[in-house]
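Structure 1 and structure 2, given next as structure tokens, are two forms of the same protein chain, each shown alone.
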Structure 1
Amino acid sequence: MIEASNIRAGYGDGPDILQDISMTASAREIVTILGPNGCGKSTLLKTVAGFVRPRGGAIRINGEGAETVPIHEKVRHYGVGYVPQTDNVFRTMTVTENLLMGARDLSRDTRNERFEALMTQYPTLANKRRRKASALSGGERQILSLARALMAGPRILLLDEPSAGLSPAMMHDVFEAIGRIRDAQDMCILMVEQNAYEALSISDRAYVLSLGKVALTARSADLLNDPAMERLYLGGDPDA
């Protein structure tokens, strides 16, 4: 569903942050991008999303060239949903208002149907539907941001560090929600994460970046047991 080939990208007149990166992600699959700070993880996600235009290489979505397509067109044409790391909910709006913001282009019947389905899927949000997002916990706000992205009925979900700033318990709830989305909706999920071991536990495959290049790629289960993962990722010992 997503195929990036030999991607080079950077910002302004600066050097290439991504250097000849290739990766794929398919339907009913969670693919995680891992690596230390500054390795190009978020830049790769933003390039796939359409916020950053690649300087070289190709991005194909559903077999169509999409490297020059901006994010708003990818949302409409390819069914891409993007959840940023920060500022991902409207804090002064209620839970209901946040969700409806994700469904502005839908008919009333479709909007109502998806809203009620999400209320059933996420009872915590349903119980707090009239509260402002600012009154929610960090984990609840992250789940709200996921649910808002789902309102538009995306086929591809791009997540930028969904566990950022969360406690271990909240992190578990968010990753569990992401896994359920993949399983229930046959969705293609491409995710950038710092918490390697939690992310790999729900992922199908992963790419480990180092200095703007793919240093390692494999099935998640294999990476969890690969000594090279520890050396390249710099994420610490999962048993420590």
Structure 2
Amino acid sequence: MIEASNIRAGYGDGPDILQDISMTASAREIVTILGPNGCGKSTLLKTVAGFVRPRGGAIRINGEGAETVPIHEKVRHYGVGYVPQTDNVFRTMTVTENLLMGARDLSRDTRNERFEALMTQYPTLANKRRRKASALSGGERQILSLARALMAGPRILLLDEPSAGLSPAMMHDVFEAIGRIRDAQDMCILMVEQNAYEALSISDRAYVLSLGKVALTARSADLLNDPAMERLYLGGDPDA
């Protein structure tokens, strides 16, 4: 469970990118973060993950103060898995190695079991398991990155645009998989997305950011059905 309250954050001595953001995400819940380019979605995710230290406000994970806990400790302590928007694979390592990197603290048996399960689930990766990650397409890297996060069996998953660069069919698969792991593993999933319709249709709640502030928060279903919201934040309904 993530609770962020009144978060202010930015980079170096630059301006506040996030200004007074409050949000929550619980176990067995998918929370989507929407908003225009550059509004601070990735920054919010990085702040929750622990790459960016907040200048003000509080981040509590499972009830514990976690503002200053660095990412590598959050991974071990709270089972945080983070899938970055860019630079998401180790290029000189093979697909298999990339996946195994995600499971450093697991027993050999659990690791192999999860590895095989993911190979069955993502045949694209299975077919290229001995290839170097640099030889994968953008969408394949995206899937590899997601699969690697799943290897560790995270309890909290932070996804930065997991569907970026995926074909419609693949995107559908990935969102379906994300919905499934929420239900099967009681996971708390915080996801930044541009494909608002697809994302809202699997998620429970959404926050719409604008210029570093929460412009709107609503249940995903309500947001999907609200024509005003569509025009304002989602760029109109393609079926209208």
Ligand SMILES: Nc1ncnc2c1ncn2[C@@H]1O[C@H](COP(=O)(O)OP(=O)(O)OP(=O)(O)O)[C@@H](O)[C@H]1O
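All residue numbers here refer to structure 1's sequence, counted from 1. Quick caveat: nothing in here was measured; it's all calculated off a predicted structure. The term rigid core refers to the most C-alpha atoms you can superpose between the two forms while keeping them within 1.5 Å.
Structures 1 and 2, same chain in two forms; the form predicted together with the ligand is found in structure 2.
When the rigid core is held fixed, the Cα atom of L125 travels 2 angstroms or more between structures 1 and 2. L159 shows a C-alpha shift below 2 Å between structures 1 and 2 [criterion: core-superposed Cα displacement of 2 Å]. The smaller of the two rigid parts turns by 16° against the larger between structures 1 and 2, as judged from C-alpha superpositions.
After superposition on the rigid core, the Cα atom of R91 is displaced by 4.9 Å between structures 1 and 2.
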